[in-house]
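Just one chain is shown here, as structure tokens, and it is the form predicted alone.
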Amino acid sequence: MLLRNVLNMLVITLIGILLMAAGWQSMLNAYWDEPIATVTQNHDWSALEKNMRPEACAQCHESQFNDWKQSLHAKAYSPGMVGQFADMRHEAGSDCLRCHAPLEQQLFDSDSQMLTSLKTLRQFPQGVSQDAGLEANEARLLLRHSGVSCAVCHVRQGQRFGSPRKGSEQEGLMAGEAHGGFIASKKFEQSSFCTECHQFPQAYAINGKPLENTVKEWQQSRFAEEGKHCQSCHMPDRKHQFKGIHDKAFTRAGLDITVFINQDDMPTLQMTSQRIGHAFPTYVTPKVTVQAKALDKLGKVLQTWQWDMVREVYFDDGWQEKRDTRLMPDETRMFAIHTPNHQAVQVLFEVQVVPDQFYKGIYKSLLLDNPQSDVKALIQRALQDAEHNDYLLYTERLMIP
């Protein structure tokens, strides 16, 4: 009888574990369908554990917070986006937040709440307490001001989720004193986890390609076959920096660039997208320019050549694609100078990166409409930030034989 009772208890326990695992798996499969971080169950968690602000997470996860606060994820609830809300209804504004601040408690409940956010963002442009102080005014802001913060990716209904522990393949509930442990899943290490915001549906296609097509570009590259996911490059060693084209060193590391005189005696710059798993640049926002200048012996510019790598779109009775000259993964492209001026003695090659080229045009257009003060201040700040993001990626001089 005792043995039977023990066996029955073991069976009941096993069924319970399997049911719990099925529940976790079901939640993971629909992870982005209902991103709700609010604690909905009765837990004896502390006020700190129930606080979804990133400053609260920083009390124990300081290194991750310090990386994240410098990233564009931390700045996703940006002046450039919020400044466009004045002429929208709150439902349209919340559609933008589906990627820029996607938790249910980050969305707008009313038009007045959305318009109030314009004034609030003017007062607190950072949105995050940089020293992670829980008593800072920023730490009291509504959660949307933290953009794509810790809870957006790691919390659903109060439960914490994340990658398996380093060096482990084990998935499922990992026991721990803090907030009841966490649920480990390899999904956090796969590109599919990033798809919700970094791959637009085909319904938003322009010339057959979605406006943002990054994950599809990756799927068509050798990087997908080799098992190199988004996180491999953008979160190396699990760092939460999310570096991209705004970072000069990160961008340069993905490209092989050389200059030489080709077999036809033409000064040439060769660029290969050697370590970038999607189009360079991806999305319609950035523009990369290769420029060559023929110089005389005094350094005077005699001629200039320019080539753009960009996906340029415009709106004319619907979105249209003007050109797509981007570099694809493993593609090599030659930029050769034809018939330089006979007085030229050298060529200066430069590669310029304009990370926010598309947004600059939007901001300038909005300012031409002389918007109300709150909107104007936000858009001016966004334009100023965008202008400061431009940088010279590469420069080299080549003597003409």
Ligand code: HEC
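These numbers come from a predicted model, not from an experiment. Definition used throughout: the rigid core is the maximal C-alpha set that superposes within 1.5 Å between two forms. A residue's number is simply how far along the shown sequence it sits, counting from 1.
Separately, the form predicted together with the ligand exists; it is not shown, and the next lines address it.
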Query raised in the report: Candidate spot K75, C194 and P281, all three in 4.5 Å heavy atom range of the ligand in the predicted complex?
Result: yes
Requested in this report: Specify the contacting stretch among 303-311, 82-90, 109-117, 264-272, defined as having any heavy atom within 4.5 Å of the ligand in the predicted complex.
Outcome: 82-90
Requested in this report: Tell me, yes or no, whether Q346 is in contact with the ligand in the predicted complex, where a contact means a heavy atom of each within 4.5 Å.
Outcome: no
Query raised in the report: Though only this chain appears here, would F124 touch the ligand in the predicted complex if you measure heavy atom gaps against 4.5 Å?
Result: no
Query - 4.5 Å heavy atom contact, N341 to the ligand in the predicted complex - result: no
Report task. Examine N51 and determine whether its closest non-hydrogen atom to the ligand in the predicted complex is within 4.5 angstroms. Result -> yes
**Report entry** Those residues of 284-312 which, in the predicted complex, come within 4.5 Å of the ligand by heavy atom
**Finding:** T285, P286
Requested in this report: Would you tell me if E34 moves between this form and the one not shown by 2 Å or more at its C-alpha, with the rigid core held superposed?
Outcome: yes
